[in-house]
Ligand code: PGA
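This document opens with one chain alone, in structure tokens, the form predicted alone.
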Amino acid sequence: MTNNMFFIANWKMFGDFRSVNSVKKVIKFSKNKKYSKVQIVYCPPYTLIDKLLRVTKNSKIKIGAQNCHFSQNPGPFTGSINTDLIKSIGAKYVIIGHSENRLLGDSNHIINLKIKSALKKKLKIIFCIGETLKEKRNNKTNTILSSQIRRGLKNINKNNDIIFAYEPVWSIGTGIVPKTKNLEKQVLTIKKMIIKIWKLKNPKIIYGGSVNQKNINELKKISLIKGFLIGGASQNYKNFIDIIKKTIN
């Protein structure tokens, strides 16, 4: 994994062929040498992966999937996409462990299987971890995060193909962002957890959860954060570009 600053656009269930045109604006922006150490990754719905791959072919922008099935082999899994299919179409990244999928049944064990499958196909992983509001109020944040890391990475050798995305569940889509000092302390704790559990000296940790062009100036103050996983704000190319500009400038 490079030392780039990551800006990962998670489009969730958004976008059609017209939305692809907005990416062309971001491609043009990304060619500025000032942003040479910026890595932009788009994770659109499955229906747009091929289209975005074609549009970004001659750029440094990468494309990823928002999730994957844990099975490495074809099988009777209607509506599912595994890492082999993601790799075969040309995507380079995959989001695993997002809280919205955890709520739908993705256990730490299933997430572990998904990570193993993705690594086998040499996909780079955005591994999401985070606590709910109830867990936070019960002072269980570190216990939950430690469990998610430990069980999600069980029997997986340390490597640099995993980006750790800290996304407090209570922050996603709510407009509520942790206070700077609290977030800085939490990210440092997460780094120490990863080093202790996985023996990886310099884990790459990014933040996600209501990131937008209004709060990015506060978020960028935390030097331990090496990028952002951006939801709604990434769907508008002007807002997405503004977030990158404010982070780097």
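Note that this is a predicted model, so its numbers are computed, not measured. Heads up: residue numbers just count along the shown sequence, starting at 1.
The protein also exists as the form predicted together with ligand PGA; that form is not presented, and the subsequent description refers to it.
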item	value
Contact test in the predicted complex: residue 209 vs ligand PGA, heavy atoms, 4.5 Å	yes
Contact flag, residue 173 vs ligand PGA in the predicted complex, heavy atom cut 4.5 Å	yes
Interface membership of residue 232, ligand PGA in the predicted complex, 4.5 Å heavy atom rule	yes
Residue contact check: residue 167 to ligand PGA in the predicted complex, 4.5 Å heavy atom	yes
Heavy atom within 4.5 Å of ligand PGA in the predicted complex - the one residue of 100, 135, 84, 106 that qualifies	100
Options 210-218, 27-35, 46-54, 63-71; stretch whose heavy atom lies within 4.5 Å of ligand PGA in the predicted complex	210-218
